[in-house]
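Only one chain is given next, in structure tokens, and it is the form predicted alone.
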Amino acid sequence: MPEGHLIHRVADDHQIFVGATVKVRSPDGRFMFGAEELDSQTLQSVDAWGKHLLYQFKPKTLHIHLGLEGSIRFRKAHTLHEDQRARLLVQDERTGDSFLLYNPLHCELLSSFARKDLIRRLGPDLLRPDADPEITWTLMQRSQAGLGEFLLDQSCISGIGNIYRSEILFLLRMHPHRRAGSLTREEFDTLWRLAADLLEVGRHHNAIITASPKRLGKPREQMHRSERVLVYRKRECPDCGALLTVERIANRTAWFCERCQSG
């Protein structure tokens, strides 16, 4: 499932469509009525919140959540073809540039009330300038869940997915079954800063990169895909060499080191 860094990167890239009158179609026919409602309207803004993309039209919002299998592909005008597998095609009438949406979990129109309700149900987004750590801290203090479960709860903190969960907890030497409510304020602040920094790195490089340049002795741009993460889908701990534990936590597979992550 795409994590928050990718969703924000898409929102950044799609700012080029803001202010444009767009042609909207649903090649696979599964969003036909919504596409007809948006067709020939002006896109007012593109925003991201956690794993949710919000395209503001007047008066409704196009809400996209990619889920496990969804993807978005940009097409220049001269390369466009109307792929019948696409749920949605949005094309700038000025330039002919477009993007196509495939296999989303959600592709729907929201009223202004429904948009506010969606955001109300989401926790602070680490990549947003208005993110309030106090909200997450308060929820964490009350939580009986383990850290591995808490970090995936989008109502507590938005944008962290399965890969970042394993990587963040490894870097902090925290066990995924440690109760989230047991963290000190200092530990929470460290977790918040690390998570925000890693997501921003991912947003900038359009890839999840948790290994540091200092650790590998090379800049992030030169890291091979297998070098970018430390424990996700790995067999051995990169620090002590012990076999990693692989376990389902919150319905997703987590990787962690029992020896190094004792905190």
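Just so it is clear, the structure is predicted and the values come from calculations on it, not from any experiment. Don't overthink the numbering: it's just position in the shown sequence, from 1.
What comes next is about the form predicted together with the DNA, which does not appear here.
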property	result
Any non-hydrogen atom of Ile208 within 4.5 angstroms of the DNA in the predicted bound form	yes
Contact test in the predicted bound form: Glu200 vs the DNA, heavy atoms, 4.5 Å	no
Proximity of Arg9 to the DNA in the predicted bound form, heavy atoms at 4.5 Å	no
is_contact(Leu105, the DNA) in the predicted bound form, heavy atom dist at most 4.5 Å	yes
Heavy atom within 4.5 Å of the DNA in the predicted bound form - residue from Lys60, Arg220, Lys234, His65	His65
Partner-proximal stretch of 132-140, 91-99, 188-196, 160-168 relative to the DNA in the predicted bound form, 4.5 angstroms, heavy atom	160-168
Contacts with the DNA in the predicted bound form, stretch 217-256 (heavy atom within 4.5 Å)	Arg225, Tyr232, Arg233, Arg248, Asn251, Arg252, Thr253, Trp255
